[in-house]
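Single chain ahead, by itself, as structure tokens, in the form predicted alone.
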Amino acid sequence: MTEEKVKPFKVEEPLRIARLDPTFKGEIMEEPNAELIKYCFQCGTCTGSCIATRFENNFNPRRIIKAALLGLKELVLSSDVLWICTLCYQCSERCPQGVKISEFMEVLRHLAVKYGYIHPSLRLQAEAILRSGRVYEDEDTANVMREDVSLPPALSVDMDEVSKILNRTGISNILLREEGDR
């Protein structure tokens, strides 16, 4: 089995104004704690302190912030790199401007899902919940693992309740959208 690499997060040159969404920055800043992103002066402290960058060269918080501020909505939201952030908050703790970068990354993930850019791993988990009410579908295997660590059997799932929750949160509708429907 070959290991799949994350696609590089790069702006195609030359940057075309038609690819920019001037409202994207405002949309991001409407979210709690994401409004602080306007204070980022691109020092790179976030990238330098990021654990994820040690394991994945294509993950660079500074580049993601810059692309978002420029209005490269599609590039940012469709990128696999959004899902690499571990939300460890090291970048936020070290930012000299007090930017809450981890929370900014969460906002970008939420917007990505809202616009139909769902990472395949997240889609698989959500589809499993839709089918069985659980992230893992093999309850027997789960119960064996739970028994091995002295835990009681997994609780039964009321699929009517799961269905109501998924419908109210809009997850069912998001999952029904095809990859290209945005």
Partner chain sequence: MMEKTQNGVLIIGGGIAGIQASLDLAEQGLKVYLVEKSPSIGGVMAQLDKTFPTLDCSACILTPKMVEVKLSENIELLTYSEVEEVSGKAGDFKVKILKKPRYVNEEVCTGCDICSQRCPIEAPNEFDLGLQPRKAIYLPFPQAVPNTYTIDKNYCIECGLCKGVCRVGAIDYDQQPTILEIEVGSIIIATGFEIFDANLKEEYGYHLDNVITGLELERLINASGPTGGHVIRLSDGNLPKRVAFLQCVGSRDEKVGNLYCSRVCCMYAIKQAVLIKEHEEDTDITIYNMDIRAFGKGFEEFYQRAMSEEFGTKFVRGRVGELFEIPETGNIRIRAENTDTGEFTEEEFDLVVLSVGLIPCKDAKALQELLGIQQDEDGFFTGENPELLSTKSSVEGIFIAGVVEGPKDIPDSVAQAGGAAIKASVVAVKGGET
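Keep in mind that this is a model prediction, so the values were computed, not measured. Residue numbers count along the first chain shown, from 1.
Absent from the display: the form predicted in complex with its partner chain. The rest refers to it.
- For the options P120, G44, G26, P32, the residue carrying a heavy atom within 4.5 angstroms of its partner chain in the model of the complex is G44.
- C95 is the sole member of C95, L82, L75, L111 with a non-hydrogen atom lying within 4.5 angstroms of its partner chain in the model of the complex.
- The stretch from 120-128, 140-148, 45-53, 153-161 that comes within 4.5 Å of its partner chain in the model of the complex, counting heavy atoms only, is 45-53.
- The closest heavy atom approach of R134 to its partner chain in the model of the complex falls outside 4.5 Å.
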